[in-house]
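Just one chain is shown here, as structure tokens, and it is the form predicted alone.
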């Protein structure tokens, strides 16, 4: 079969890595890809929101199935566009993509379907937001309604700080929307829970825990993710039943009732507080860097899974996972998540141990004059699997020590809570 993966990050590299393992894969292209995907797929340098050019390439290469990595083209309607041309796509349609594309849509869906979530208010004018704020405790979470490249959420410790963020959003700091969502701050531990759905059913697709803060010990500003591990040590049979019955299933039923059955990966960002799951956000695609650890643990053939899902035949497909645990540590450009260094060479990648349990997934990289250069931001995902998380992390740190790149930094403590529990 011929597959196309849309995107250029570590998520997309790890998806290509898993697809490439299938004996059923004939041709694999990545649009636009990076220096890592170039080694295992054909990179096609096209803007991911230029649907006409993407369609032309898909037809040229006789692509059977398209997997869309990032949220932006999904929110912009790439699935509807390609399906209208008779092309099978793994991902939700434009309407369903509002689950991530509009936090207001998601929160209202929770309210209408009794899905547990934090108390909230949605506002389009500054004064109404401030009235709600005056009756709220701090810290309080201020969210831009639309997509904001991971920068639209702020945890504010004072009403004055919240007012500044509210004003920025309402005055149009983020082009996607000038609505603001104010949300009570929930105390607990975060959990990433994934399912895969077609029009008829859904299946569990792994759990993970991300590390959003830039600094060790979970301090500093939020990032797109500094690392992750899988499976989450928070999952119990009792908790998973609550997640399915109180959050996942009511959501999928609601989307079907609205005339848009959800299809594709659905990632529930949860807060576990007092043993109860609360929905913080939905993502309409695999997480990044969570996808990297999940692809390392997935035993089943991803080509078969994607093929059956896009044929609405997921029910008959078995999804199996390795019992090993996996960690990924993100190597970032200095300055991230603020202004970061770009275009510097990363050396010694060929010296790293690479096998079925140890991988390097590229994100912000490109090749020039046979050299691998940084494109800034989150650059590489050093990923390992082992029976115990601490051993997986040791292997990653050994590989990281071999990389020569003075302009990079990373957290050494990814998985620290889970590793602490392993050792007790």
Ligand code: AMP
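Positions refer to the first chain, counted from 1. Quick caveat: nothing in here was measured; it's all calculated off a predicted structure.
Separately, the form predicted in complex with the named molecule exists; it is not shown, and the next lines address it.
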| query | finding |
| --- | --- |
| Contact residue in the model of the complex, chosen from 321, 185, 126, 95 - any heavy atom within 4.5 Å of the named molecule | 185 |
| The single option of 141, 252, 122, 349 touching the named molecule in the model of the complex, heavy atom within 4.5 Å | 141 |
| Heavy atom contact within 4.5 Å of the named molecule in the model of the complex, the stretch among 128-136, 277-285, 238-246, 164-172 | 277-285 |
| Contact label in the model of the complex: residue 155 to the named molecule, heavy atom within 4.5 Å | yes |
| Residue 297, heavy atom within 4.5 angstroms of the named molecule in the model of the complex | no |
| Close approach of residue 222 to the named molecule in the model of the complex, 4.5 Å, heavy atom | yes |
| 4.5 angstroms heavy atom contact with the named molecule in the model of the complex for residue 103 | yes |
